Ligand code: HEC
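Next comes just one chain, in structure tokens: the form predicted alone.
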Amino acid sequence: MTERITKSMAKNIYYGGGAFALLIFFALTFDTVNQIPHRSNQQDMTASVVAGKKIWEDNNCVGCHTIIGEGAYYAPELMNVFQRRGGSDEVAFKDYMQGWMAAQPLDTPHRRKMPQFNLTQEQVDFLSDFLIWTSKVNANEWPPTIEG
């Protein structure tokens, strides 16, 4: 004997499923909002970090690079560049960034060329502070490899 779904049963499934999906959505939203303060590293955000983010945006760095997995995949991921190139030493990293940015564009065969942005030393330090701050955001072990 086959049992048919009545209009009443279909309506109950529709409303019950919708309510369940909405409940899950609100629970996940609540969890995400509660996680953000513990993962965002917001307490270490300084004026120089904000200035570095503005330089990042003004020069469209995300047009080539990714940061925390967001952006273009033309150039390397920069979330962990502080650990890769500075060894977690802020002074060494800022010195590295000053040299790297001044040396652009490198004339290396078979390598993509990064443009010369003509940033001041202060602007490069701001950008370095932004990259140092970004490296301390809890991003669930992203990127998966040290080279990004």
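All figures in this text were calculated on a predicted structure; none of them were measured in a lab. The first residue of the sequence shown is number 1, and the count goes up from there.
Below: the form predicted in complex with the ligand, not depicted.
Participant: Scan 92, 114, 68, 50 and let me know which has any heavy atom within 4.5 Å of the ligand in the model of the complex.
Facilitator: Selected option: 114.
Participant: Any chance residue 41 has a heavy atom within 4.5 Å of the ligand in the model of the complex?
Facilitator: No, residue 41 stays farther than 4.5 Å from the ligand in the model of the complex.
Participant: Answer with yes or no whether residue 88 is in contact with the ligand in the model of the complex, where contact means some heavy atom within 4.5 Å.
Facilitator: So residue 88 does not count as contacting the ligand.
Participant: Can you check whether residue 59 is within 4.5 Å of the ligand in the model of the complex, heavy atom basis?
Facilitator: Flag for residue 59 set to yes.
Participant: Looking in the model of the complex, any heavy atom of residue 97 within 4.5 Å of the ligand?
Facilitator: Looking in the model of the complex, residue contacts with the ligand include residue 97, since a heavy atom lies within 4.5 Å.
Participant: On the criterion of a non-hydrogen atom at 4.5 angstroms or closer, are 45, 54 and 79 all touching the ligand in the model of the complex?
Facilitator: The answer is no: none of the three residues contacts the partner (heavy atom, 4.5 Å cut-off).
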